[in-house]
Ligand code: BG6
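In the form predicted alone, a lone chain appears below as structure tokens.
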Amino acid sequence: MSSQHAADALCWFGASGDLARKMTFPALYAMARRGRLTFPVIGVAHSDWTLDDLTDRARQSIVDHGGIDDPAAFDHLVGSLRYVDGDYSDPSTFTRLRHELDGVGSRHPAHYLAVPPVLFAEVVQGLGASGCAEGGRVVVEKPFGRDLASAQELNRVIHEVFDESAVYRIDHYLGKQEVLNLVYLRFANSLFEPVWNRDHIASVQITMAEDFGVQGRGSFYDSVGALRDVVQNHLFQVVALLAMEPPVGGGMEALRDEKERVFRAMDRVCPADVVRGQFDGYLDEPGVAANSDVETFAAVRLNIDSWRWAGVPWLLRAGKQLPEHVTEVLIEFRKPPHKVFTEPQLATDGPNYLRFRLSPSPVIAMGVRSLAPGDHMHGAMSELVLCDDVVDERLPYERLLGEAMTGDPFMFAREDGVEAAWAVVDGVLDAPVAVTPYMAGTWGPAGADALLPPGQHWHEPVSPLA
């Protein structure tokens, strides 16, 4: 069944979970502060809770994330809450949910599945059998599968009840202002398009570095690793926004069409395109298997088989226990074809670049050569900061939940894009290359350098800006 209406109730499965405490309650409170929480929120969980328990969790969550600075907004949030407690395998749980939906007059509910993927099928089938899915949509948390086959099976199960147009797969990275600004900057300005191709761009690097380990989540992390956790979804989404073609016509769906096509144009990654690393000490983390070969660092070389990008390497890396906590894109342009000036630095200095700092402090900057003071025609590399004050007050989940309720699909992954992205890495998931140990506080295994074209090196973003 499809859903083209704005949703009029949020049914929130997993309301007692950790994600609810860390992300969802703060997002709902922020929506209430802005006057955007205009719908009832029906929490569903199997925790032997009452509505009072859910309210207490809401209060504690918001206190832990900055405090209740707007009591009226908090009261509005609490007044919007309903609660259904029960086992997702028990049909009576969904009967009670149907009763709550009838009680608030909902005809177009949004069902938010903030539960482990193993429960997706059970919840979706319960929604379908009870009639709760009628006229509604489903909002699904990542991870959406752990490989191509499991993603295809999840899609099959969901489509038994919900049409693809009613499926909203969350990747919270697409809810970030800094990430969305990549596509806005490209298509709201005319100066980039003439040089946004293989004739002018030599390579694209994307680094997602974390300066901490698994933070007590060893059991979870040991079941996924860096490739599944952030590369196949977060970093691939950034690639798609940078590599997509200009949309034909206007509207968010046209933009989404072009974004999803990028995944189909990606060549399959082979073992020679991947370097996996594991920081020393990972095996000592609680919950991690003693002989684990799960990667805490992954570097990937991508090729996009299109007229625009043929021959341009896309170089991605993500890892834990690296020197900095930073995510940055560096687009390196080709060097001038002719040396007009004979200064020696030209042979060693890097080429022009465009730099997008996505976190922690958003920056858009351009690297150019400019003439240095003196009697000679000698210059030096300078960085022109185009923008360093883009601060978004909206939390990613506030934005994503709001867009899911209104029915704007651009920030959500589509079936074809999800499966195509898994297909790109599926070969190295089934037969992964061996992990290489690296010291905490370094930039990962030295073998990652072999992925770079001759004469290039990994850009090492630092905080504060270099």
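The shown structure was predicted, so the numbers you read here are calculated from the model rather than taken from an experiment. Sequential numbering from 1, following the sequence displayed.
What comes next is about the form predicted together with this ligand, which is not displayed.
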_By the heavy atom within 4.5 Å rule, which residue out of 256, 357, 320, 82 makes contact with this ligand in the predicted complex?_
320
*Among 172, 76, 159, 198, which has any heavy atom within 4.5 Å of this ligand in the predicted complex?*
172
*If you check in the predicted complex, is residue 208 within 4.5 Å of this ligand, heavy atoms only?*
yes
*Counting only non-hydrogen atoms and a 4.5 angstroms cut-off, does residue 97 reach this ligand in the predicted complex?*
no
*asked:* Taking any heavy atom pair closer than or equal to 4.5 Å as contact, tell me whether residue 274 reaches this ligand in the predicted complex.
replied: no
*Using 4.5 Å between non-hydrogen atoms, is residue 217 touching this ligand in the predicted complex?*
yes
*Does this ligand come within 4.5 Å of a heavy atom in each of 176, 230 and 234 in the predicted complex?*
yes
_Stretch in contact, per heavy atom within 4.5 angstroms of this ligand in the predicted complex, of 209-217, 149-157, 120-128, 244-252_ = 209-217
*Would you mind checking 139-166 for residues with a heavy atom within 4.5 Å of this ligand in the predicted complex?*
142
